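In structure tokens, the next block holds one chain alone, the form predicted on its own.
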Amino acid sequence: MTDTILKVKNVSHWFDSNRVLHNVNLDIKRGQVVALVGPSGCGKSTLLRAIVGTHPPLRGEITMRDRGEARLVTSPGRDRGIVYQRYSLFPHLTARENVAFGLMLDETGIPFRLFCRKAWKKLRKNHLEQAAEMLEKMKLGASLNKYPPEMSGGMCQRVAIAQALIMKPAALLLDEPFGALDEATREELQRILLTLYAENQTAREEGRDPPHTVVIVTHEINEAIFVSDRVVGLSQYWDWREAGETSCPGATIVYDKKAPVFSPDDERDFLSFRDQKDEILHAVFDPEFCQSYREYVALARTGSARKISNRSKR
């Protein structure tokens, strides 16, 4: 059985005459943490929304494989969890109640909660216990009963991530999740992502399927390399003439390579991956350098996960 969990095939999208995405192909395997980078306006969020299912592509298709079954993505579904830069929490619910809210909607209906009060009370207790465990994982064990207005932006973003993770999605999608945070808080949340990857590695060593597959859209290249095991560059700066086009038909994938894998306790040594950062700046962000769209695509649709090693390099 294939371990490809998300498949983007020949996806193109446009808005009237504005060509945004062109022939995007991407396979993501179970347990990968993939960072998606690219210049402003290249369609990173458009691609992510297509994967979420809120804005299906005008051409091509996206499929999700969960529990062995491949399904065409045409609308949002539980198999994909999404966290945006601007978190959306219910201000009248505590952190624990916010995290448990999705479980309530997924496992119960209004008639059950109204007319099966004893069973609902027992299930509600279980939901809140699961939410507390997830918030402990997010290092918010002391803030279970705080309301969003009582928490910092970084704390609220952790609650939003916990909201998504508690539903056990096949893929967790993050759209610039740390963009509005200060540097110290941003680093804390980056290390939470490294913790998820470490859990994947432990699962592999024990012969289990890795539980977390993550796609993170970010404009920060250092962050992309630090938190992921694979960096994908989407750009409108590529040699579209090579593809037989008479004008730029939109952004496509021009970079796809492994990244060094860090453990949650490793120092953020940006110098250790400076060469890869410079390569990404050159291949993805430089409008004066329109390379072949194949030149920096080393993984294409065969990317594989790497074991964690202290400050490992390419």
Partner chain sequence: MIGKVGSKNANRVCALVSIAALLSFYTYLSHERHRKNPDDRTIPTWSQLWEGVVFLCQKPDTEETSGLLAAALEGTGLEGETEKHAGFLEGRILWEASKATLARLLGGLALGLAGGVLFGVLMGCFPLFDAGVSPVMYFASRIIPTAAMPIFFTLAGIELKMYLAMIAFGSMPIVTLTVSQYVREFPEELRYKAYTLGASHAEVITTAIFPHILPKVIDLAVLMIGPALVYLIAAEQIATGEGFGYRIRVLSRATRFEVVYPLIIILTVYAGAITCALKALQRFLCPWYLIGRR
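Since this is a predicted model, take the numbers as computed values, not measurements. Numbering follows the first chain given and starts at 1.
Beyond the structure shown, there is the form predicted in complex with its partner chain, which is absent from this document and is the topic of what follows.
K.L.:
Within 4.5 angstroms, counting heavy atoms, which one of the listed stretches 110 to 118, 223 to 231, 123 to 131, 189 to 197 is next to its partner chain in the model of the complex?
P.N.:
Among the listed stretches, the partner-contacting one is 110 to 118.
K.L.:
So in the model of the complex, does any heavy atom of Arg80 sit within 4.5 Å of its partner chain?
P.N.:
Arg80: contacts its partner chain in the model of the complex.
K.L.:
Is there any non-hydrogen atom of Trp240 lying within 4.5 Å of its partner chain in the model of the complex?
P.N.:
No, Trp240 sits far enough from its partner chain in the model of the complex that none of its heavy atoms falls within 4.5 Å.
K.L.:
Indicate whether Gly179 is a 4.5 Å heavy atom neighbour of its partner chain in the model of the complex.
P.N.:
Because no heavy atom of Gly179 falls inside 4.5 Å of its partner chain in the model of the complex, the answer is no.
K.L.:
Answer for Glu206 alone: is it within 4.5 Å of its partner chain in the model of the complex, judged on heavy atom distances?
P.N.:
No, Glu206 is distant from the partner.
K.L.:
Check each of Leu72, Ala184, Leu105, Ala142 and return the one that places a heavy atom within 4.5 angstroms of its partner chain in the model of the complex.
P.N.:
The residue in contact is Leu105.
K.L.:
Would you mind picking the one in Val217, Val214, Met138, Leu89 that has a heavy atom within 4.5 Å of its partner chain in the model of the complex?
P.N.:
Checking each option against its partner chain in the model of the complex, the one that comes within 4.5 Å is Leu89.
K.L.:
Would you check whether its partner chain, in the model of the complex, lies within 4.5 angstroms of a non-hydrogen atom from each of Val52, Pro149 and Met167?
P.N.:
Affirmative, all three are within 4.5 Å.
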